[in-house]
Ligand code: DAH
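Consider the single chain below, provided in structure tokens and representing the form predicted alone.
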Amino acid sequence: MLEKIARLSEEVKASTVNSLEEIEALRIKWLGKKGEITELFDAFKTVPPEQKKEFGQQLNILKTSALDKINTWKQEFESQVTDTSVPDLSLPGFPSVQNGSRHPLSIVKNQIIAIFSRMGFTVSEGREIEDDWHNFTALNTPENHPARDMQDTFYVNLNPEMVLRTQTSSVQVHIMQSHKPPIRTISPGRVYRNEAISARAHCQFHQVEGLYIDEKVSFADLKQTLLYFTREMFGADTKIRLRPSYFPFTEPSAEMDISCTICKGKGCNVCKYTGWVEIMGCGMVDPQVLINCGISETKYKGFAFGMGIERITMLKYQVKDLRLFFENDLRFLKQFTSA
């Protein structure tokens, strides 16, 4: 028995550990319910009377030595563990997740909505699959009208009267049918046209169209509204110009250009050295459109405008290829921050 105590004493002195798990394993081996030192205490009653005194002394020294060794190890390892009650702010986050951002088209759409909201415009949204009447006929574009060729789109085979909308003006038709003037609303959303995909065109894109109907609305109101929007979006020094154009649902109609945001009107390859870049179409609501929607054309007048969000985004961020907005390339998208 004394030889076993001597052997365990040497083992305790020579033992080393590298983790708290190893400390616990040795504690169980030596001092657990079935540990080697515990078994020696159980065997004390079998020791001859003349050896009990020496045996008891040596066994207590062994137990104290083992306990001291284990407690010392625990203190050393626990002192190396960071106090979790006080977080170390210099440590990396766990799990490490990169911050995301909004898509550039969403950023610009939200900015457009915010600008027009400050002018009292509400936001109206509608369905992307529309019937022919709301998408074309009510907007003064009857069947076989040549203006349809500019917006020929995707039709639904099961119902040729249903079409993927070519413009969010169809939402405005629903609004005019269900609301009485005054009406002041913008309609953002995705639209579709049968166009070849290129750096400046796509078969789907996003629009924001605006409508204002009330008594005594004039072309001057339209111009001032668009001037305010342009300067809020592109800067206070931005200029606009209106060129006569044609749209079946407005009369008179105009294309609106802004001074080039890249060359500041001096001329560059983006503006084709004219100093101007087209961003939207606009005009006074055609009286026939008011009649189609059940609004008195003699009492009320209105103006409408429409712009492509991609075009505005390309100018704002100087993006030269529209297709980048749809390719989900993180190298491109991570450049933008939420707004």
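Note that the coordinates shown come from a computational prediction; the quantities given were computed from them, not determined experimentally. The first residue of the shown sequence is 1; numbering continues from there.
Heads up, the form predicted in complex with ligand DAH isn't pictured, but that's what we're talking about next.
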Let me know the one among 231, 109, 193, 223 whose heavy atoms come within 4.5 Å of ligand DAH in the predicted complex, would you? 193
Under a 4.5 angstroms heavy atom criterion, identify the one residue in 35, 287, 275, 281 near ligand DAH in the predicted complex. 281
Only one of 182-190, 68-76, 165-173, 259-267 gets a heavy atom within 4.5 Å of ligand DAH in the predicted complex; which is it? 165-173
Determine whether any heavy atom of residue 141 comes within 4.5 Å of a heavy atom of ligand DAH in the predicted complex, and answer yes or no. no
Residue 305 versus ligand DAH, in the predicted complex: is there a non-hydrogen atom within 4.5 Å? yes
Does any part of residue 212 reach within 4.5 Å of ligand DAH in the predicted complex? Heavy atoms only, please. no
Is residue 249 part of the interface with ligand DAH in the predicted complex - any heavy atom within 4.5 Å? yes
